[in-house]
Ligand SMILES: Nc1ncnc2c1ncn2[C@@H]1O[C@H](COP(=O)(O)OP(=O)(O)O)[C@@H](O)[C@H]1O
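We begin with a single chain expressed as structure tokens, specifically the form predicted on its own.
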Amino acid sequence: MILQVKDLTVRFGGLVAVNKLSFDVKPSTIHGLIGPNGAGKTTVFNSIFKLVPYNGNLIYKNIDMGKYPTHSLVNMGISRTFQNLSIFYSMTVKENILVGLHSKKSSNLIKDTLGYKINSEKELLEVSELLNILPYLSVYAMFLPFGILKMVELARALISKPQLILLDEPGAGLNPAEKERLKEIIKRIKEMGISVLMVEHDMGIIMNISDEITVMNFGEKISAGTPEMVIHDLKVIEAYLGEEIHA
């Protein structure tokens, strides 16, 4: 397993946001994490990145993540996007994307001479082409529409060449055409050998591309399995999917 979540528990005072949650993410798969608003999905992401205190174990490639600080995770091969856009609006698209390399490479005379800038440009062009944002590299982020900025944030997460990427509602705010494009991009990311753990409310995205799904409600796991298994689980229908699935 590339990621093992074992008995993860997160408390905020008297509120238990995540309660003894366990699931595994297999290598080179798309794993969906779904549930109603407030189910604790983003809290799971924040636990992985040590943004909230937690109990339990988070194991990445047989390594206990609890022993490592947040800033080291990208060097271990883990990156993420955010539920709300995290963009530097006064910077160009190119500059925003290259921020994703800041912890892996530092510029100095020797590295520049040996071709660091050239390698960075190569990585930049590869990820920009994948996400169809090459024409916008020199444009300041403040002038671009929301859908393009979502791709910029994803590019920043991908340029570090992660082995595991966490996507927090990547389809939020996108129009139908952009969502279709997003599904193809995420499948392409999987084909590149990158494992994807994804929180998403759009069932048209999550059910179509996930290999496995974990369903949360009130901080607890209520179902898990393939999309076909989860979609017919009465607990899931009652807790989250409702009449949409019956239809």
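All figures in this text were calculated on a predicted structure; none of them were measured in a lab. Residue positions are given as counts along the sequence shown, with the first one as 1.
Absent from the display: the form predicted together with this ligand. The rest refers to it.
Only one of the listed residues (A224, L21, A239, A17) places a non-hydrogen atom within 4.5 angstroms of this ligand in the predicted complex, and that residue is A17. With the partner omitted from this view, the residue of Q83, N132, Q163, S72 that lies near this ligand in the predicted complex is Q83 [heavy atom within 4.5 Å]. Stretch 36-44 is the contacting one of 22-30, 205-213, 36-44, 56-64, since its residues have non-hydrogen atoms within 4.5 Å of this ligand in the predicted complex.
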